[in-house]
Structures are given as C-alpha cells and as structure tokens.
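Given as structure tokens, the chain that follows is alone and in the form predicted alone.
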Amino acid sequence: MKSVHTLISRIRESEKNGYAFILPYIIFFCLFIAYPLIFSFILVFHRWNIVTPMEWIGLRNFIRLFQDPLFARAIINTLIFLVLHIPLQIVIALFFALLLNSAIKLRGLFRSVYFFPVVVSGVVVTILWAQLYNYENGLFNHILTALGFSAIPWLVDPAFAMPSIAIMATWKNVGLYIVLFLVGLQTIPSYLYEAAEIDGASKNYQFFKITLPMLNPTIVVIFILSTIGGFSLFIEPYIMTGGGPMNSTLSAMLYIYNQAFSFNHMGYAAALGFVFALIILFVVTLQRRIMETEDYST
C-alpha cells in the first residue's frame, strides 16, 4: 500500500514538472497568438485609428472591403505572382535537385551554396536585387547593353515589374525546395531504376514514370508551402517598388500594411486580414484536393 502511495505521489510530481515545462509556451501562446487573434476579431467590427477610442460600426468594414477595387487589384496581383513564381520555383528546384543527386564533384559545397540565399535576410536580398534591376546603373542592363540589346525597365514598367519580383523571390527561396526535392529523390528505391534499365527504359521514361510519380508527395508539399509563402509577399514590393508602378506590384499583404500603418485604418486592415486568410485557406485546400492522390506510388 505504501508503494502505491509513493507511485501516485511521483506521478503527481512529474505532472507538476510537466506543467512547469510547458508554462513558457502557454504564456507565449496567450500573449502572441490567442490575444492578437481575439483582439483582431473584435477590431473588424470597429473603426479605430489608434489615437481615438474604438467606434462600433458593425459590418461596414466588410461592406467597404467588397466595394474596394484596390483590394481586388491586390488579390489579382498576388495571384499573378503565384502563377509566375510557383511553376518557376518547382522546375528550377527539381532541376538542381536532380543535378545534385547525381555523382558530381563538390556536391556538398554546391548544396550549401544553393541554400545560402534562404538564410540571408530578405531585406538584404531585396536591396541587392533592386540595385541589380536598376534601369540606368544595374548590372543586368549593363550586360544587356554590352551584348547589343536594349535596357529593360525591370521595376518601372508594369509589364516587367511583377515578373522581376517573381524571379528574385525564386532565387531567394529555391534553395529550401532543392533540399526538399533531394530528400524525396533519396527515398526513391534504387531497384525501380535498376528494373527499368534492365527492361531497356530510357532516362526520360524513368523520369516521367518513376521519378515524378514517386515525388508526388514532395511536389504537393512544395506547392502548398510556395503558395502560402507567395501569399505573404510583402518585403519585395515594399522595398523595390512600393506597390507601383500603377499598383502593378501591390500585393495583398502590402495593401493591408498600408491600410494599418500608413492610413491608421486598423479596423479595416483587420477585416482585410481575415478575408485574406479565408482566401488562402480556400486556395490551399483546393490545391490539396486537386494535387493529392490516394496512391503516390502509381
């Protein structure tokens, strides 16, 4: 009987220790996740400019949102960025992953080099590329003019601005997806390729019938991660173009930021954020249903 009481007291003591260990995260969650979400939900029904007290306005923020052509433009710009950025990123990441998965010299060094832009500050990378894109003094236009071509208005022409940002964002993030593709490639059983070679299958046939189907789970993950990252597009247009020219690079995140911190429309910015979060949820869910299959090995 005494041993049972001892065991119970030890269990209770371990439970107390467990609560003590998770207490810092509970405090963090309440302060930085739960409270901001609850406050934002309350804020969507108010008009507030930080200085004056909040004013209850009901659903007016949402009525204004659905009548706001600039928010619709920001959503369209973000979708255009995704259409440009995601296929470019997947193709480039898969190409380099296949290259690095083969027996080449200095393979470890190349893996580190490709991943290096991921860990560099996004602000630093954006400032660097803004200098490269400079119309008069940028390196890219210097190379083009030296080769006899005309200079390209990378960031000052609406037709080139968003594709230029998509190229820069791809360079910044592609290292992460190269690593993910490498992990996926290394999990493919080698006997599948050996059997295909015995049957006389070409490299192209092996790629489309073995490699791509086996990489399907990885492609789904990368597609979803790229979509979520693309919807959070902010630093690049904020530093490079400020949303211009002619609002051609105004992303949804940048528009929400402008409403909150440039115009002090905190309630309206909160409503924009909630609707934007629902759009992201819808798009990601739709992607998963389209791309995922029941059997990845077929």
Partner chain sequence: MKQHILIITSVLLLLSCGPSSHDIEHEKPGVTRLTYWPAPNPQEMQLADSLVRVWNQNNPNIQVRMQPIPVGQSTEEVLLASIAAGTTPDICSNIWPGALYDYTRAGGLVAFDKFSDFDSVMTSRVPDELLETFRSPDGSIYQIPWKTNPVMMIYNKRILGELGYEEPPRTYSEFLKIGRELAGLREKNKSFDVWMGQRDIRPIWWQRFFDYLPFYIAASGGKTLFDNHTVAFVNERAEAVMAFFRDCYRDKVFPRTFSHQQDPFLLEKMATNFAGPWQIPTIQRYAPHIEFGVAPLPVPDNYEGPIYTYGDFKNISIFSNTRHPEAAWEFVKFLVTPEHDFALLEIANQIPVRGDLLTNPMFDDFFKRKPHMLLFAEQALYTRSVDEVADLKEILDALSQEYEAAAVYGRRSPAEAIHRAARRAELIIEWNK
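Note that the coordinates shown come from a computational prediction; the quantities given were computed from them, not determined experimentally. Positions refer to the first chain, counted from 1.
The same protein has a further form, the form predicted together with the partner chain, not shown here; the description that follows concerns it.
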{"query": "Any non-hydrogen atom of Phe263 within 4.5 angstroms of the partner chain in the predicted bound form", "finding": "yes"}
{"query": "Heavy atom of Asn137 within 4.5 Å of the partner chain in the predicted bound form", "finding": "yes"}
{"query": "Partner proximity in the predicted bound form: Leu212 to the partner chain, non-hydrogen atom cutoff 4.5 Å", "finding": "no"}
{"query": "Contact of Leu88 with the partner chain in the predicted bound form (heavy atom, 4.5 Å)", "finding": "no"}
{"query": "The unique member of Ile219, Leu94, Ile75, Ala130 whose heavy atoms fall within 4.5 Å of the partner chain in the predicted bound form", "finding": "Ala130"}
{"query": "Heavy atom within 4.5 Å of the partner chain in the predicted bound form - qualifying residues of 175 to 200", "finding": "none"}
